[in-house]
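This document starts with one chain, in the form predicted alone, laid out as structure tokens.
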Amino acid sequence: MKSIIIKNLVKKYGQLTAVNGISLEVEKGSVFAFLGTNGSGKSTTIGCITTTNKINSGNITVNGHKVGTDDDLIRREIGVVFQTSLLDDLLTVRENIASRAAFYNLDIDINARIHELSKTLDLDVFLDQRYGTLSGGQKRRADIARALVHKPNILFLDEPTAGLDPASRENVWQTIYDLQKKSGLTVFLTTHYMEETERADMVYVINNGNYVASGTPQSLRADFSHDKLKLVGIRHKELVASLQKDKIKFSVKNDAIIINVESSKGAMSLLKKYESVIKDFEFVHGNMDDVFLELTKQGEEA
């Protein structure tokens, strides 16, 4: 079942086309990573899905509801965690969640819902602390609680871990994945931390408002990244000359020679062949950073 279906979405601001005919589908209960450089159209697309931006053409359905027709129903199906928080620094976390819940006119016990969220997101220690005094990771968990107060089926996360230290990022993501597994929540993610996309079920890349590529992290790495062998020579010039003589393609960065290789076996073969002039080496697997750089470069050239 599809949580989100977009067909030929176009969004313009005057003469500027911010989103140029993209189409995508998001599986229910999946983690969907939506990637692109700054200004690529990510936030505009999310605005269209979440009904805050009017579309120029195309169709969007969210859990079977059509954007532009069923907007009130869609807003009850979704939660959004923005990069910039919506919560009040002077209110406690409990007070913030309760005030946000009032917007939805929920027919539930709000105190019981806050207690449930507190247990799920581990808010107990700071539930009655002012939001402005919290650490970055604590604020993010409070933001997620606010977005989930009305029990949405889809959670939009716009760079949810931007500015957090590695430990806080991991804590936030563990919280998100626990939620997704326990409740079947669909997670629609934007991020600039490419290692976070490794855990996504599907990755979709846009650039300058255009579709570039999509697939699982594994398939994208296979298609758009390379394993690399980095070499430092005992005699740099001699190593360079040997590689040139053998017509092996390479690049040089900070005196390290970098060679794209197909596998660790190919790297071992090169190490054995040139071991007499190699001082040090490093074998690096291709990753999503390589994929992102390659795809956005292609998007710029297109």
Partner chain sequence: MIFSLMKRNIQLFFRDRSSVFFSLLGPVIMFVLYVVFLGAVQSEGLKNVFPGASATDLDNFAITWVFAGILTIVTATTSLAAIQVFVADRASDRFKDFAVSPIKSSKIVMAYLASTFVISLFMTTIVFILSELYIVARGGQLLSVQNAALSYAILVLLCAVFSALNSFIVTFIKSLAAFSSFNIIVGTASGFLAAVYVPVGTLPKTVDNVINLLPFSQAASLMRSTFVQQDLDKLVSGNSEALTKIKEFFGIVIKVGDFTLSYSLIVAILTSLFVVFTVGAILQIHRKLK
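Please read all numbers here as calculations on a predicted model, not as lab measurements. Positions refer to the first chain, counted from 1.
Although it is not shown, the form predicted together with the partner chain is what the next lines describe.
Site annotation in the predicted complex: the residue of R169, R221, R113, R100 reaching within 4.5 Å of the partner chain with a heavy atom is R100. A single residue from the set H192, R199, H226, R130 has any heavy atom within 4.5 angstroms of the partner chain in the predicted complex; that residue is R130. With respect to the partner chain in the predicted complex, the three residues D72, R76 and N105 uniformly fall within 4.5 angstroms at the level of their nearest heavy atom.
Contact annotation: the partner chain lies within 4.5 Å of heavy atoms from the stretch 92-100 in the predicted complex, the single such stretch among 161-169, 118-126, 92-100, 177-185. In the predicted complex, the partner chain stays beyond 4.5 Å of every heavy atom belonging to T44. The closest heavy atom approach of V80 to the partner chain in the predicted complex falls within 4.5 Å. Heavy atoms of T50 reach within 4.5 Å of the partner chain in the predicted complex, making it an interface residue. Within 4.5 Å of any heavy atom of the partner chain in the predicted complex lies no heavy atom of L134.
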